[in-house]
Ligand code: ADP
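So this first bit is one chain, no partners, the form predicted alone, shown in C-alpha coordinates.
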Amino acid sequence: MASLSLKNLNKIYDNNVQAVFDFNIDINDGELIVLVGPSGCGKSTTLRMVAGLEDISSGTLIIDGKDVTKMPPKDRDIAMVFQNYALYAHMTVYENMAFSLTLLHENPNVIHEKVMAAAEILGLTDQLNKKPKQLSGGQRQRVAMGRAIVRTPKVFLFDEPLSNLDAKLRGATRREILLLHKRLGATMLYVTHDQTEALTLADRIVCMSMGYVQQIGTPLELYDTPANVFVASFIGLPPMNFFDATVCGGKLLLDGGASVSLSDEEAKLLSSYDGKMITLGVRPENITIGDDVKVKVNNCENLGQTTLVHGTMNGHKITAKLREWCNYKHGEEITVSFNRKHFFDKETTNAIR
(Lines give C-alpha, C1' and ligand atoms only; values in the text may rest on other atoms or scores of the structure.)
Protein backbone atom coordinates (compact mmCIF):
# COMPACT_ATOMS: atom_id res chain seq x y z
CA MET A 1 0.00 0.00 0.00
CA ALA A 2 1.06 3.64 -0.11
CA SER A 3 0.71 7.16 1.20
CA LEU A 4 -1.14 9.74 -0.86
CA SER A 5 -0.69 13.52 -1.02
CA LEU A 6 -2.98 16.02 -2.71
CA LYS A 7 -1.31 19.41 -2.82
CA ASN A 8 -3.17 22.56 -3.90
CA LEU A 9 -5.41 20.63 -6.31
CA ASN A 10 -7.73 22.74 -8.45
CA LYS A 11 -10.19 21.73 -11.13
CA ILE A 12 -11.37 24.30 -13.68
CA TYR A 13 -13.47 23.15 -16.63
CA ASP A 14 -13.29 24.58 -20.14
CA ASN A 15 -16.27 26.86 -19.46
CA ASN A 16 -14.25 28.44 -16.60
CA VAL A 17 -16.43 26.81 -13.94
CA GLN A 18 -14.24 25.79 -11.01
CA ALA A 19 -15.31 22.59 -9.26
CA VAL A 20 -12.48 22.16 -6.73
CA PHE A 21 -10.51 24.90 -4.97
CA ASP A 22 -7.05 24.39 -3.44
CA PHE A 23 -7.58 20.87 -2.08
CA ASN A 24 -4.85 19.77 0.35
CA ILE A 25 -4.44 16.57 2.36
CA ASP A 26 -1.70 14.09 3.28
CA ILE A 27 -3.09 10.55 3.60
CA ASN A 28 -1.07 8.03 5.57
CA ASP A 29 -0.31 4.51 4.40
CA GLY A 30 -3.29 2.31 5.32
CA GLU A 31 -5.61 5.20 6.17
CA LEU A 32 -9.28 5.29 5.14
CA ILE A 33 -10.30 8.82 4.19
CA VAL A 34 -13.92 9.67 3.40
CA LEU A 35 -14.88 12.69 1.29
CA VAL A 36 -18.39 13.76 2.25
CA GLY A 37 -20.68 16.57 1.23
CA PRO A 38 -23.84 17.36 -0.73
CA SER A 39 -24.22 16.78 -4.46
CA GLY A 40 -22.06 19.14 -6.50
CA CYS A 41 -19.59 19.89 -3.70
CA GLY A 42 -16.57 18.57 -5.68
CA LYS A 43 -15.92 15.30 -3.86
CA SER A 44 -16.35 12.99 -6.88
CA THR A 45 -14.37 15.39 -9.06
CA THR A 46 -11.51 15.20 -6.54
CA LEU A 47 -11.65 11.39 -6.58
CA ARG A 48 -11.65 11.35 -10.38
CA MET A 49 -8.57 13.60 -10.42
CA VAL A 50 -6.81 11.08 -8.20
CA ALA A 51 -7.93 8.27 -10.52
CA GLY A 52 -6.76 10.16 -13.61
CA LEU A 53 -10.27 10.29 -15.06
CA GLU A 54 -10.22 14.09 -14.77
CA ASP A 55 -7.22 16.26 -15.61
CA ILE A 56 -5.75 18.26 -12.73
CA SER A 57 -5.94 21.96 -13.65
CA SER A 58 -3.21 22.85 -11.15
CA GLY A 59 -1.59 21.29 -8.13
CA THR A 60 0.33 18.09 -7.45
CA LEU A 61 -0.74 14.50 -6.83
CA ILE A 62 1.81 12.22 -5.16
CA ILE A 63 1.31 8.47 -4.67
CA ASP A 64 3.88 6.59 -2.62
CA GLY A 65 6.35 9.47 -2.95
CA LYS A 66 6.03 9.67 -6.73
CA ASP A 67 4.56 12.61 -8.65
CA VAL A 68 1.78 11.12 -10.80
CA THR A 69 0.00 14.39 -11.68
CA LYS A 70 0.46 13.92 -15.43
CA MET A 71 0.48 10.12 -15.50
CA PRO A 72 -2.33 8.21 -17.27
CA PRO A 73 -4.66 6.16 -15.02
CA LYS A 74 -3.07 2.81 -15.94
CA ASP A 75 0.29 3.92 -14.55
CA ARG A 76 -0.96 5.18 -11.18
CA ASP A 77 -1.46 1.73 -9.62
CA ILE A 78 -4.93 2.49 -8.27
CA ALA A 79 -8.17 0.51 -8.36
CA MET A 80 -11.60 2.09 -8.42
CA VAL A 81 -14.98 0.73 -7.31
CA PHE A 82 -17.85 2.52 -9.02
CA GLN A 83 -21.41 3.23 -7.96
CA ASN A 84 -22.92 1.15 -10.78
CA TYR A 85 -20.67 -1.93 -10.31
CA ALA A 86 -19.43 -1.81 -13.96
CA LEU A 87 -19.46 -5.61 -14.34
CA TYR A 88 -19.40 -7.46 -17.66
CA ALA A 89 -22.81 -9.12 -18.02
CA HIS A 90 -21.55 -11.92 -20.29
CA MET A 91 -18.77 -12.97 -17.88
CA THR A 92 -19.00 -15.08 -14.75
CA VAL A 93 -18.04 -13.69 -11.35
CA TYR A 94 -14.68 -15.45 -11.65
CA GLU A 95 -14.05 -13.99 -15.10
CA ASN A 96 -15.05 -10.49 -13.96
CA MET A 97 -12.66 -10.65 -11.02
CA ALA A 98 -9.85 -12.04 -13.15
CA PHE A 99 -10.33 -9.72 -16.11
CA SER A 100 -7.80 -7.00 -15.26
CA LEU A 101 -5.10 -9.59 -14.54
CA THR A 102 -5.92 -11.40 -17.78
CA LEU A 103 -5.37 -8.16 -19.70
CA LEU A 104 -1.95 -7.91 -18.07
CA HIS A 105 -1.15 -11.47 -19.25
CA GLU A 106 -0.62 -12.59 -15.67
CA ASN A 107 0.22 -16.26 -15.08
CA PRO A 108 -3.07 -18.25 -14.96
CA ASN A 109 -2.02 -19.95 -11.73
CA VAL A 110 -1.33 -16.58 -10.10
CA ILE A 111 -4.68 -15.27 -11.37
CA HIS A 112 -6.52 -18.25 -9.90
CA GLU A 113 -4.76 -17.89 -6.58
CA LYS A 114 -5.59 -14.17 -6.33
CA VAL A 115 -9.21 -14.59 -7.40
CA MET A 116 -9.80 -17.42 -4.92
CA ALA A 117 -8.18 -15.42 -2.12
CA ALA A 118 -10.36 -12.40 -2.86
CA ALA A 119 -13.47 -14.56 -3.16
CA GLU A 120 -12.71 -16.07 0.25
CA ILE A 121 -12.34 -12.62 1.83
CA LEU A 122 -15.63 -11.42 0.33
CA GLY A 123 -17.66 -14.59 0.78
CA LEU A 124 -18.04 -15.22 -2.95
CA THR A 125 -16.54 -18.69 -3.30
CA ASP A 126 -19.96 -20.26 -4.01
CA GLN A 127 -20.88 -17.55 -6.54
CA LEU A 128 -17.90 -17.74 -8.91
CA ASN A 129 -19.72 -19.51 -11.73
CA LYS A 130 -22.73 -17.20 -11.75
CA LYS A 131 -23.38 -14.25 -14.06
CA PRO A 132 -23.97 -10.77 -12.57
CA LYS A 133 -27.71 -10.89 -13.36
CA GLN A 134 -28.02 -13.86 -10.99
CA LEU A 135 -26.61 -11.85 -8.06
CA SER A 136 -28.14 -9.40 -5.62
CA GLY A 137 -27.01 -5.77 -5.58
CA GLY A 138 -24.83 -6.41 -2.54
CA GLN A 139 -23.18 -9.41 -4.18
CA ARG A 140 -22.49 -7.43 -7.36
CA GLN A 141 -20.79 -4.71 -5.34
CA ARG A 142 -18.66 -7.36 -3.61
CA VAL A 143 -17.62 -8.66 -7.05
CA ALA A 144 -16.61 -5.12 -7.99
CA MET A 145 -14.55 -4.91 -4.80
CA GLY A 146 -13.04 -8.32 -5.53
CA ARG A 147 -11.97 -7.15 -8.97
CA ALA A 148 -10.13 -4.29 -7.26
CA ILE A 149 -8.56 -6.51 -4.59
CA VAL A 150 -6.96 -8.97 -7.02
CA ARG A 151 -4.88 -6.17 -8.52
CA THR A 152 -3.30 -5.39 -5.11
CA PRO A 153 -3.15 -1.67 -5.99
CA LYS A 154 -1.39 0.98 -3.95
CA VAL A 155 -4.65 2.92 -3.43
CA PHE A 156 -8.32 1.90 -3.49
CA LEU A 157 -10.87 4.48 -4.65
CA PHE A 158 -14.59 4.14 -3.90
CA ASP A 159 -17.13 6.38 -5.67
CA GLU A 160 -20.42 6.16 -3.75
CA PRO A 161 -20.37 2.34 -3.90
CA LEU A 162 -23.43 1.80 -1.70
CA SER A 163 -25.87 4.34 -3.12
CA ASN A 164 -27.69 1.76 -5.29
CA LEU A 165 -28.34 -0.60 -2.38
CA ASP A 166 -31.33 -0.67 -0.04
CA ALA A 167 -30.88 0.36 3.60
CA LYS A 168 -30.28 -3.16 4.97
CA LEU A 169 -27.75 -4.04 2.26
CA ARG A 170 -26.01 -0.69 2.72
CA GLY A 171 -25.43 -1.44 6.38
CA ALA A 172 -24.15 -4.95 5.69
CA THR A 173 -21.86 -3.90 2.82
CA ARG A 174 -20.56 -0.95 4.85
CA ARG A 175 -19.44 -3.38 7.54
CA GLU A 176 -17.81 -5.56 4.88
CA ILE A 177 -15.82 -2.61 3.55
CA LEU A 178 -14.67 -1.75 7.07
CA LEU A 179 -13.57 -5.35 7.68
CA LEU A 180 -11.89 -5.41 4.27
CA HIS A 181 -9.93 -2.28 5.13
CA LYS A 182 -8.76 -3.74 8.44
CA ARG A 183 -7.84 -7.06 6.84
CA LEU A 184 -5.92 -5.58 3.91
CA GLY A 185 -4.46 -2.57 5.72
CA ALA A 186 -5.21 -0.75 2.48
CA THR A 187 -5.04 2.96 1.71
CA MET A 188 -8.56 3.97 0.73
CA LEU A 189 -10.21 7.16 -0.53
CA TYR A 190 -13.99 6.88 -0.29
CA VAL A 191 -16.63 9.31 -1.60
CA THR A 192 -20.17 9.50 -0.24
CA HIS A 193 -22.97 11.98 0.41
CA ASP A 194 -24.15 9.81 3.32
CA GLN A 195 -22.86 11.10 6.65
CA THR A 196 -23.59 7.75 8.35
CA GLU A 197 -21.11 6.06 5.99
CA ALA A 198 -18.60 8.81 6.69
CA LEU A 199 -18.92 8.59 10.47
CA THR A 200 -18.79 4.79 10.63
CA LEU A 201 -16.06 4.12 8.06
CA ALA A 202 -13.54 6.94 8.21
CA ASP A 203 -10.25 7.29 10.01
CA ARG A 204 -10.60 10.92 8.96
CA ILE A 205 -13.36 12.80 7.17
CA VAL A 206 -12.98 15.57 4.59
CA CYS A 207 -16.18 17.63 4.61
CA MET A 208 -16.67 19.66 1.42
CA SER A 209 -19.04 22.36 0.21
CA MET A 210 -19.09 24.34 -3.05
CA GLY A 211 -15.69 22.96 -4.07
CA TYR A 212 -13.95 23.97 -0.83
CA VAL A 213 -12.72 21.81 2.03
CA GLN A 214 -14.63 22.91 5.14
CA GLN A 215 -12.95 20.68 7.72
CA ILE A 216 -10.67 17.65 7.95
CA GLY A 217 -10.65 15.57 11.11
CA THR A 218 -11.72 12.38 12.84
CA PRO A 219 -15.44 11.58 12.89
CA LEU A 220 -15.60 12.66 16.55
CA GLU A 221 -13.86 15.97 15.80
CA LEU A 222 -16.35 16.87 13.08
CA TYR A 223 -19.29 15.83 15.24
CA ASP A 224 -18.11 17.34 18.51
CA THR A 225 -16.17 20.41 17.35
CA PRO A 226 -17.48 21.43 13.91
CA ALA A 227 -15.42 24.19 12.29
CA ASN A 228 -18.41 26.17 11.02
CA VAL A 229 -22.17 26.22 10.59
CA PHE A 230 -22.04 24.12 7.41
CA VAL A 231 -20.15 21.23 9.03
CA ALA A 232 -22.36 21.45 12.11
CA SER A 233 -25.51 21.27 9.97
CA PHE A 234 -24.26 18.50 7.66
CA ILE A 235 -22.77 16.14 10.26
CA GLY A 236 -25.27 14.70 12.72
CA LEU A 237 -28.71 13.15 12.34
CA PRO A 238 -31.14 14.74 12.97
CA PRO A 239 -29.30 17.94 12.05
CA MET A 240 -28.28 20.56 14.60
CA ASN A 241 -30.80 23.22 15.65
CA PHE A 242 -29.73 26.83 15.01
CA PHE A 243 -31.00 30.03 16.64
CA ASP A 244 -30.09 33.69 16.46
CA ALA A 245 -29.03 34.85 19.91
CA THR A 246 -27.67 38.03 21.48
CA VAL A 247 -24.94 37.70 24.12
CA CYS A 248 -25.95 39.51 27.30
CA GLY A 249 -23.52 38.88 30.14
CA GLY A 250 -24.20 35.45 31.59
CA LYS A 251 -27.05 34.56 29.26
CA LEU A 252 -28.20 34.44 25.65
CA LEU A 253 -31.30 36.29 24.54
CA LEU A 254 -32.89 34.26 21.77
CA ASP A 255 -34.76 35.81 18.88
CA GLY A 256 -38.37 35.78 20.07
CA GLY A 257 -37.81 36.55 23.73
CA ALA A 258 -36.56 33.37 25.40
CA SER A 259 -33.27 33.36 27.29
CA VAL A 260 -30.71 30.65 27.97
CA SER A 261 -28.24 30.82 30.82
CA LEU A 262 -24.52 30.40 30.20
CA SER A 263 -21.94 28.65 32.36
CA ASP A 264 -19.00 30.71 33.59
CA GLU A 265 -16.82 29.03 30.96
CA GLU A 266 -19.31 29.79 28.17
CA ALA A 267 -19.71 33.40 29.31
CA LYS A 268 -15.92 33.83 29.28
CA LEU A 269 -15.71 32.34 25.77
CA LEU A 270 -18.33 34.83 24.53
CA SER A 271 -17.08 37.86 26.48
CA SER A 272 -15.86 39.63 23.32
CA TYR A 273 -19.32 39.21 21.76
CA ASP A 274 -21.22 40.90 24.58
CA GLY A 275 -24.12 42.84 23.07
CA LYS A 276 -23.61 41.19 19.68
CA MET A 277 -25.66 38.60 17.84
CA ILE A 278 -24.24 35.11 17.31
CA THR A 279 -25.61 31.79 16.07
CA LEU A 280 -26.41 29.25 18.78
CA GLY A 281 -26.28 25.60 17.75
CA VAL A 282 -27.76 22.74 19.77
CA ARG A 283 -27.82 19.11 18.69
CA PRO A 284 -31.19 17.35 19.22
CA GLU A 285 -29.52 14.74 21.43
CA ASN A 286 -28.19 17.53 23.69
CA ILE A 287 -31.71 18.68 24.55
CA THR A 288 -33.38 17.24 27.67
CA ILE A 289 -36.49 17.90 29.69
CA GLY A 290 -35.47 20.79 31.97
CA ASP A 291 -36.25 24.37 32.89
CA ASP A 292 -34.64 26.68 30.28
CA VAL A 293 -37.06 27.26 27.38
CA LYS A 294 -40.61 26.31 26.52
CA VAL A 295 -41.35 24.28 23.40
CA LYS A 296 -44.79 23.74 21.84
CA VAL A 297 -44.97 20.18 20.48
CA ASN A 298 -46.02 19.58 16.88
CA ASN A 299 -45.50 15.81 16.71
CA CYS A 300 -43.43 12.92 18.06
CA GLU A 301 -41.57 10.16 16.24
CA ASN A 302 -41.04 7.16 18.50
CA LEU A 303 -37.91 5.21 17.54
CA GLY A 304 -37.84 2.64 20.35
CA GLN A 305 -35.25 3.80 22.88
CA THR A 306 -35.52 7.41 21.71
CA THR A 307 -38.20 9.85 20.60
CA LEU A 308 -37.82 12.73 18.17
CA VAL A 309 -39.93 15.62 19.43
CA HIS A 310 -40.60 18.25 16.74
CA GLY A 311 -41.94 21.58 17.88
CA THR A 312 -41.57 25.34 17.93
CA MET A 313 -39.80 27.65 20.34
CA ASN A 314 -40.97 31.26 20.06
CA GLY A 315 -42.02 30.51 16.49
CA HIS A 316 -38.74 28.82 15.54
CA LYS A 317 -38.59 25.13 14.63
CA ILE A 318 -36.76 22.86 17.06
CA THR A 319 -36.14 19.10 17.22
CA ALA A 320 -35.21 17.27 20.41
CA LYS A 321 -34.02 13.66 20.59
CA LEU A 322 -35.12 12.39 23.99
CA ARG A 323 -33.81 9.12 25.42
CA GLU A 324 -37.22 7.77 26.33
CA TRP A 325 -40.55 6.83 24.79
CA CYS A 326 -42.71 9.94 24.74
CA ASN A 327 -46.32 10.52 23.67
CA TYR A 328 -46.66 14.28 23.83
CA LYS A 329 -49.80 15.57 22.15
CA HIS A 330 -49.92 18.18 19.39
CA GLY A 331 -50.01 21.63 21.01
CA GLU A 332 -48.72 20.39 24.36
CA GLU A 333 -46.06 22.60 25.99
CA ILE A 334 -42.88 21.17 27.48
CA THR A 335 -39.83 22.85 29.03
CA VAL A 336 -36.35 21.80 27.93
CA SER A 337 -32.71 22.53 28.69
CA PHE A 338 -29.68 22.71 26.40
CA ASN A 339 -26.97 20.49 27.88
CA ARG A 340 -24.32 21.27 25.24
CA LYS A 341 -24.13 24.41 23.16
CA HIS A 342 -22.14 25.38 20.05
CA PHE A 343 -21.46 29.02 19.20
CA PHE A 344 -20.78 30.47 15.75
CA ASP A 345 -19.82 33.92 14.54
CA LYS A 346 -22.81 35.45 12.78
CA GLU A 347 -20.76 37.00 9.95
CA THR A 348 -18.09 34.37 9.22
CA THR A 349 -20.20 31.34 10.33
CA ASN A 350 -17.00 29.95 11.92
CA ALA A 351 -17.08 28.31 15.34
CA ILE A 352 -16.26 30.51 18.32
CA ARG A 353 -13.54 28.82 20.32
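No experiment lies behind these values; they were computed from the predicted model shown. Residues carry their position along the shown sequence, with the first being 1.
FYI, the form predicted together with the named molecule isn't displayed, but the following is about it.
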Is it open or blocked here: the named molecule placed from its pose in the predicted complex by C-alpha superposition, 2.4 Å cut-off to backbone or C-beta atoms, 3 or more ligand atoms needed to block?
open
Partner-free chain; cross-checking the named molecule in the predicted complex, the single residue of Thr307, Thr45, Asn298, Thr319 with a heavy atom within 4.5 Å is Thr45
Of the candidate stretches 37 to 45, 64 to 72, 298 to 306, 280 to 288, the one with residues having heavy atoms within 4.5 Å of the named molecule in the predicted complex is 37 to 45
Any non-hydrogen atom of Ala19 within 4.5 angstroms of the named molecule in the predicted complex
yes
